[in-house]
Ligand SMILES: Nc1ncnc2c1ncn2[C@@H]1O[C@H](COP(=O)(O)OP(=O)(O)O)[C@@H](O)[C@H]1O
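The chain below stands alone and is given in structure tokens; this is the form predicted alone.
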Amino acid sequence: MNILLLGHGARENVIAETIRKSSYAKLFSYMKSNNPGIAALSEKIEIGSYSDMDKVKDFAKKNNVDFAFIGPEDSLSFGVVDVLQSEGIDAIGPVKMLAKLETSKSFTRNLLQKHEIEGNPKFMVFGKENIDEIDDFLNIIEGIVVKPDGLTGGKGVKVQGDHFNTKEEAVAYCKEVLEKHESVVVEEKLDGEEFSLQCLTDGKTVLSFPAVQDHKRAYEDDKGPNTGGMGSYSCENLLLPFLKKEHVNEALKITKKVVDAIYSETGTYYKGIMYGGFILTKDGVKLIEYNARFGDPEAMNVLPLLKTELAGICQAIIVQDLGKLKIEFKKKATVCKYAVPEGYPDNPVKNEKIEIQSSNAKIYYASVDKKQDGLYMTGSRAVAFLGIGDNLEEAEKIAEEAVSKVKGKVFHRKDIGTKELIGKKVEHIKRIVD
């Protein structure tokens, strides 16, 4: 079976590794830059832009691919699934119209509101034509979150108390966003603990992966600017220390209703990944946002634990037989930590060489380029290190030992997966919920 993989990051590196566990699966990878981890797992690779649909299509046809697995969100926003389908090639990933679940914050909020699906915070969508009405809305919410209505690489969301303090600053940022985006979503700030619930769906059935907690902030103790994700962890009981099974079921129920609502609205089945960013609050589980692909780093936490063949799951999604599958996971804890360039995310060093030492951790390459004389960082998160253990302490120790050995102009968050940081999360929820 010939499978096209689109993407060049650590997320795609772990997808490639998981697909290749099936002896019958051959991988053909289209990347923006040469990821050595993906290249080593591929029969052939092609380097090119994700917006070059003709090049993607030609590479797929030339290698007689049976289906494609789409990694990054920008490819989905360019409509790569639509292009491949026009050539008779199925894909794990939604068509452009349904990728709006991620690419348009307003689409998702309005969908939940229209179909009366629980999980929405108070929100309003503003454009240049109604931005003057924003003051009235800001007066009825206690805290403010501002989200550009479009893709921002996980770095566009600003939160009152972290990125700005006053309503005047919120309005100023909204106006700044509207210079680049058609609209901006303003929401009430929710107090709680966030978690990721990544799901697979064929448009009828929804199956979930274990819950993961990601850490977006650049610096320890969850301080500093938002990033694409500095690291993440999952637990051996497939929950999280502050989550109960009922909370995961609440989140899964929301996702199932959204899948049904999408088909009701469009007449098209959503096939692929629905990754919900949720938050546990005093009022239960609320939806922060959806992504139309696996999370990065959260994919690294869950895919190595998957006991069921990913290639077979993909086939079931394509023919809408997902309901016949039982997906199983190893009961292990995981901790993922990223080595990132100095200055990341605002002013990262680029084209700097790094060296990786041997360790017991799994290594997934992200924004690096392999050249003749070694590995060079391209400016974003560089390499992810995953520790897998019987418990969090064991997994964290493996990840920390590996990431701390990287030579070069890099830094990482030492606190991810530690007892101290997770203890703060548990205490936070106790204060809110109990």
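Predicted model, so just to flag it, every value in this text is computed and none were measured. Numbers follow the displayed sequence, beginning with 1.
Heads up, the form predicted together with the ligand isn't pictured, but that's what we're talking about next.
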Leu101, Val145, Leu200, Val259: which sits within 4.5 Å of the ligand in the model of the complex by any heavy atom?
Val145
Heavy atom within 4.5 Å of the ligand in the model of the complex: which of Glu309, Glu194, Glu250, Glu352 fits that? Just give me the one.
Glu194
Looking at 297-305, 92-100, 360-368, 283-291, which one sits within 4.5 Å of the ligand in the model of the complex if you count heavy atoms only?
283-291
Is there any non-hydrogen atom of Leu243 lying within 4.5 Å of the ligand in the model of the complex?
no
Going by a heavy atom distance of 4.5 Å, is Lys105 a contact of the ligand in the model of the complex?
yes
Taking any heavy atom pair closer than or equal to 4.5 Å as contact, tell me whether Glu187 reaches the ligand in the model of the complex.
yes
Is there a non-hydrogen atom of Leu178 within 4.5 angstroms of a non-hydrogen atom of the ligand in the model of the complex?
no
